[in-house]
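Here we start with a single chain on its own, the form predicted on its own, put down as structure tokens.
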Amino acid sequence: MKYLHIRNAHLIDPAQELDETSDLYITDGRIAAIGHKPSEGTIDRTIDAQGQWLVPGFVDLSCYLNEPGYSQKGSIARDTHAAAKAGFTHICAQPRTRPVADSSAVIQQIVERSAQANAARVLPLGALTKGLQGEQLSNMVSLRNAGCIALSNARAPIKDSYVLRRLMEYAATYDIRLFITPLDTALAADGVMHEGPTSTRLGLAGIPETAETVALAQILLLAEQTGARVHISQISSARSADMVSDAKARGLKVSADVSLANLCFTARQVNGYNSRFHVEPPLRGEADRQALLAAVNRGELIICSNHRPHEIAAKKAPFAASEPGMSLYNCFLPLLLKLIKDDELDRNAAIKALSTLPAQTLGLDRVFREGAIFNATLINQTGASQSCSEEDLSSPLSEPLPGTASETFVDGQLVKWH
């Protein structure tokens, strides 16, 4: 028997309360031993991980892969490799494709292209309603059987509360996970950024906090009534964090995530009509950012990438006419590590929010123990990150910061990008 030996790694696994420098031995894609050499077999390859963190592979609960249908914005192959370089081993792809991911045929295409890419594994989110139109239920059971980890309507609105109730009741009957983004489109109207002093000064239509919290209250009440398993996607305000915390305390089967962008930036970044920071949900105030960070540090929120890349033309338009979204994978680790270095985000809480908690939400095994499938990432805190060029208007950074994944293992296999 031959082993991969990872030597002198700083193992960090919040689920196992593991935080120590040790060695791992991997064979046949599984962890054979931790801290001691197996009694039989030989070392086939050794990776010296001195000074690096070895963490359970990150799980991303929201990204946009733009394939099929939007090849000018990206591809599954390109973005799954970028995800692996950011430390993600499994990523949930939103159903906003062309055609919409509301049929087994589209889901099969996504799964096949993910397998061909041989990088981060794509876990498709099927469309909750036909064509994401928010009116008729999709064939939810068929989509689950086709490989969908959960169902989502992305940021497309559900027609009304009656339709949302029926969706939840059906999902509860068949134990299907729902990913729902809280957004009252009537209150959001034509807003393009957070409603506040910056939007007023710039003369841009604002999106009030209530566009999120009113919708969230409705979702939580219906989740309580129906017993559905609901994950709240991409909250952006302090009030929303409090509402989710209260719902959990009352025993509701809910979880929630926040985009990394909402932990790093505020509406002030929009000054100068900077379209890099035109995102959904909008970047809000500093008080909201601090409250969201505190919720992550308490273990109450998951961190997602909300990766949504665009071509240059889509972001070069005037702010209100530009397309919302950021390309986050190329700079995900540097931004995360900066929050940790600045003592805004606890290191173990951050890793828990990116591995343990999202894995639990999806029913995945994500721990370092002997016999477990090896999904992991080696993080070099000082290594040169992927470059962020001035021309890449879809990225929030115009120059690289330190922090990179030196190796990523997906279901026991090393992703090759070197």
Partner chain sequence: MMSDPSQLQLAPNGELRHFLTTEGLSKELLESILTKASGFLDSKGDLIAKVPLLRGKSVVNLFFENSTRTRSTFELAATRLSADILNLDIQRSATSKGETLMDTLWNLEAMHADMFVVRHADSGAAHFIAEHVTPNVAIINAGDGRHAHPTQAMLDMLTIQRHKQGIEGKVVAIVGDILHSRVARSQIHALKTLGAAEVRVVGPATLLPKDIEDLGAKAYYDFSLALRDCDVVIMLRLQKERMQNALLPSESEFFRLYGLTSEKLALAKPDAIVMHPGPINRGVEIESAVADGPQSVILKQVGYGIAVRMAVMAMAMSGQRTNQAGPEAPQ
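Positions refer to the first chain, counted from 1. Note that the structure is predicted; figures quoted are calculated from it, not measured.
Quick note: we don't show the form predicted together with the partner chain, though the next part is all about it.
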Inset, instruction - Decide yes or no: are Gly196, Gly272 and Ala317 jointly within 4.5 Å of the partner chain in the predicted complex, with each residue judged by its heavy atoms? - result: yes
Inset, instruction - Would you point out which of 251 to 259, 317 to 325, 96 to 104, 161 to 169 contains residues with a non-hydrogen atom within 4.5 Å of the partner chain in the predicted complex? - result: 317 to 325
Inset, instruction - Check each of Leu204, Leu335, Ile149, Leu183 and return the one that places a heavy atom within 4.5 angstroms of the partner chain in the predicted complex. - result: Leu204
Legend entry - Sole residue of Asn145, Thr200, Gln136, Gln116 within 4.5 Å of the partner chain in the predicted complex, by heavy atom: Thr200
Inset, instruction - Verify the contact flag for Arg347: yes if a non-hydrogen atom of it lies within 4.5 Å of a non-hydrogen atom of the partner chain in the predicted complex, no if not. - result: no
Inset, instruction - Although the partner chain is absent from this view, report whether Asp246 comes within 4.5 Å of it in the predicted complex, heavy atoms only. - result: no
Legend entry - Non-hydrogen atom contact Asp190 with the partner chain in the predicted complex at 4.5 angstroms: yes
Inset, instruction - Answer yes if any heavy atom of Arg177 is within 4.5 Å of a heavy atom of the partner chain in the predicted complex; otherwise answer no. - result: no
